[in-house]
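Taking the form predicted on its own, here's one chain by itself in structure tokens.
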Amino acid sequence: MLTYLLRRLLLLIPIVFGVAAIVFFGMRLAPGDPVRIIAGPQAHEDRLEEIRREHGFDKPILVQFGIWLSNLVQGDFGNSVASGVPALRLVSARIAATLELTVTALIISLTLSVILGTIAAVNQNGIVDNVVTFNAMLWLSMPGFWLGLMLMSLLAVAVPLFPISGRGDSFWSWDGIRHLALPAITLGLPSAGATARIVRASLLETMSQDYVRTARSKGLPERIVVTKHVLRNSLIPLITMTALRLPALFGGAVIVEAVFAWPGLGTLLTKAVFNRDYAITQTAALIITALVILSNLLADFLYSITDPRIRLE
């Protein structure tokens, strides 16, 4: 197990390097000049050259990449070109709000998908199964920005149950929960729609196994058969799907945070991309990449816990 963990952690190095290279060169190929944004449209050419030398933009792009990698190894993620504040400090201040939103959305997604997927599988080809499947497809098809605006119109404007925007107080306070509800539901519902179908299919496959028929023939209640024999052995596809959906959750958080003015990493990243703030964009991308990779590593360990037959070398 320790050998496997070390091997997976070593794989982080080329993956993070690849993401760093893609983000670095991709940002510089995008149209727009960060120097012009910093100095303003009326700035003189001498002032533009001065800013380019100050931030190292006058050097060849490969030299800039090498300098950035060298600083990155030393823990220096660079400073924001707009404010001069270290990029890691700005990103760290926002990552907690984004994790709060994505983790809550993930909990909502998993809870709904397990409940609805189980109900649909137990009532296969019935009215309940058709209703659940229809709703799962409906949620999956809804764009995040549209769903957020509809929930805001219905539950924050027409019926003022929740605040329209903002983060509110601390996560554990009632005000914090009310502010978090609509963004988390907006982010979690589409994911729940996709995962519920996977749960349903996995449960139906497990229900056809011989050991399930044996458990039923022994007279065990259907509730015990489903929860102890069927559901646990169907969790591996759910774990896999959850790990695969995490990048989509982080990507969807950018849109949801913009709709609800949620002060997380998404709003900071959006503003940084438009302002060509390279340091913030690169730092945010690296942190999100590390979180996704670590979550996939956690999923591998959950495999061995869920199914004892799986042994990681």
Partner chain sequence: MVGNRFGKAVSLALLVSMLAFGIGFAQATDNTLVIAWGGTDTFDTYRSAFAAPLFVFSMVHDTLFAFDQELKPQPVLVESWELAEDELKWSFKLKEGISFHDGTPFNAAELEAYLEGSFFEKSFTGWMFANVEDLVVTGEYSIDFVLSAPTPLLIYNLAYPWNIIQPQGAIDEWGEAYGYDALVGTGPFAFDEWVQGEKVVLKRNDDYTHGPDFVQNKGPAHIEQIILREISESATQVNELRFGDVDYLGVPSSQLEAVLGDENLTVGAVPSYTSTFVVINHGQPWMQDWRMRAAVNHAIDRVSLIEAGWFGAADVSYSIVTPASFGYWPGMADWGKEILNYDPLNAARLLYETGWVLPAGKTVREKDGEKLSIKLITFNFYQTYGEILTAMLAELGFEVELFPFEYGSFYSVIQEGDWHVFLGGWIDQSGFGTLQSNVTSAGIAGGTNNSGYGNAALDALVELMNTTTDPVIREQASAAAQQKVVSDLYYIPVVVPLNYVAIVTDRVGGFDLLNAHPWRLGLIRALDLYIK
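Residue numbers count along the first chain shown, from 1. Being a predicted model, the structure only gives us computed values, none of them experimental.
Missing here is the form predicted together with the partner chain; even so, the following discussion is about that form.
In summary, among the residues Pro143, Gly126, Gly166, Pro221, the only one with a non-hydrogen atom within 4.5 Å of the partner chain in the model of the complex is Gly166. Stretch 77-85 is the contacting one of 98-106, 77-85, 116-124, 132-140, since its residues have non-hydrogen atoms within 4.5 Å of the partner chain in the model of the complex. Interface membership of Ile198, defined by any non-hydrogen atom within 4.5 Å of the partner chain in the model of the complex, is ruled out.
The partner chain in the model of the complex comes within 4.5 Å of a heavy atom belonging to Ala261. When contacts are judged by a 4.5 Å heavy atom cut-off, Arg232 does not count as touching the partner chain in the model of the complex. Shown alone here, Phe171 lies farther than 4.5 Å from the partner chain in the model of the complex, counting heavy atoms only.
Residues Lys271, Phe274, Asn275, Arg276 are the members of 270-284 with a non-hydrogen atom no more than 4.5 angstroms from the partner chain in the model of the complex.
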